[in-house]
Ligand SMILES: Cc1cc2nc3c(=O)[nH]c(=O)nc-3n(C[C@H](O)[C@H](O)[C@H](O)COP(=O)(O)OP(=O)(O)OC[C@H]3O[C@@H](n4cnc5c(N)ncnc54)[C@H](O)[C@@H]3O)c2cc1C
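A single chain comes next, written as structure tokens; it is the form predicted on its own.
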């Protein structure tokens, strides 16, 4: 029990396996004989899902802590910059209906709540392509943050002279998931000292206490360890099949259960690369559109209860026809079944699940990769010293990640219930109170009378900040009861200064920043300045 933890065995590769391996190996000096040994076992017979192509800004810190060069990463993983998400047709379903969830906090976020002053100024969301014109009302995000304008103009978040990972506008990435896993694999093996075993895991061997003693492989025999990490995806070989930890379905809350995915080449080599994820609502789900330097990744996620596969394919072809014409009729789509749910527990005995083996909901707001990052970071930073204290670490881990998953469920469901759409059963059913978590119902009642606040949440490090809730709620024109309390003149003056400052910064950055494609091409040629 008091024996030091010296060997972590990760079963499964992909983004989950290699991010976890890299974070542990980098922090615990796996290159050294005195460090924690990390072994990753990856079956040569299993392909990764490969459609998780959107990250959060947290990925910059994750890669930096693993010692990854941002220049190398961008060159080798077909990476583009992501500055948020544009939600089209989510509010009313009209052709000109859109709003943004940017990655930059509102001006003066920690000093003043700008929403009520934006509302007083009659700057209601116009959801119009002409919202940048001064004669038009500004959307909430355009009034309090400069990033919507950068995205609308296809601009990058930094300059070629910016150091690696530094930002002028906060940013995340769009990437090729297959290339990303291969890149991380090479980095972990060659630079971080991770031991790699290409083999298929068959049986799991247990100790008398119920811990995993070793996993048996076809060609390398038994591989023992002190902590085992299940990164085996939907098959959940360790936490699900061995420990029999049930998957708690969330399909009663989040209806999406199927995806159709396809990769679309650009018409020309210099076509613009979108600076954001585009999410376009459909009759029974939504379509994602992610621009990489060499192609677009597009897919339709939908509820099979509310539409057929044939109708979903037709909706995706219709969407693609606007950009690639009749070629859309000849495309073949890859079908992926989704079982939205999370494990009852994530850490049992000496086994912890990361990635889809722990849970998966839907790709809205790119929560899959960030949960991998959070898990890998927590495991590496809270790595138990020995078996004696592992159960305590596991208890805290399970509590924290149950909370995190619940907050993600609330935030994703928010997008559906704040919509004004009632044109199909899918949108109407999403608003049925029986499908809305009580925690979210309480918050929605609270937010009728005041803006989302950091005080509404209990964790120091929330997955989604109150600012994210504000961008979605006010982007979707959520009904708000204006307070009749007397306005503070000093605060009103501060609000007007913040609005003016945002306009000034928006003009400045819009003129100074290059296009997304221009910067990516310069990175390929010259690279960033090293930190």
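Positions refer to the first chain, counted from 1. Model, not experiment: these values are computed from the prediction.
Keep in mind that the form predicted in complex with the named molecule is not shown, yet the notes after this line are about it.
Trainee: Is there any non-hydrogen atom of residue 186 lying within 4.5 Å of the named molecule in the model of the complex?
Mentor: No, no contact at 4.5 Å.
Trainee: Spell out, yes or no, whether the shortest heavy atom distance between residue 167 and the named molecule in the model of the complex is within 4.5 Å.
Mentor: The answer is no: residue 167 has no heavy atom within 4.5 Å of the named molecule.
Trainee: According to a 4.5 angstroms non-hydrogen atom cut-off, is residue 355 in contact with the named molecule in the model of the complex?
Mentor: Judged by the heavy-atom cut-off of 4.5 Å, residue 355 is in contact with the named molecule in the model of the complex.
Trainee: In the model of the complex, is there a heavy atom of the named molecule that lies within 4.5 Å of any heavy atom of residue 369, even though the partner is absent here?
Mentor: Residue 369: yes, in contact with the named molecule in the model of the complex.
Trainee: Consider the chain as shown here, without its partner, and state which of 41, 68, 36, 472 has a heavy atom within 4.5 Å of the named molecule in the model of the complex.
Mentor: Filtering the options by heavy-atom distance leaves 41.
Trainee: Out of 255, 360, 397, 90, which one falls within 4.5 Å of the named molecule in the model of the complex, going by heavy atoms?
Mentor: When the named molecule is considered in the model of the complex, the option within 4.5 Å is 360.
Trainee: Can you pick the stretch from 53 to 61, 25 to 33, 496 to 504, 462 to 470 whose heavy atoms fall within 4.5 Å of the named molecule in the model of the complex?
Mentor: After filtering at 4.5 Å, what remains is 53 to 61.
Trainee: 195, 228 and 292: each with a heavy atom within 4.5 Å of the named molecule in the model of the complex?
Mentor: Zero of three within 4.5 Å in the model of the complex.
Trainee: Taking only heavy atoms into account, state which residues of 177 to 210 are within 4.5 Å of the named molecule in the model of the complex, ordered by sequence.
Mentor: The stretch touches the partner through 199, 200, 201.
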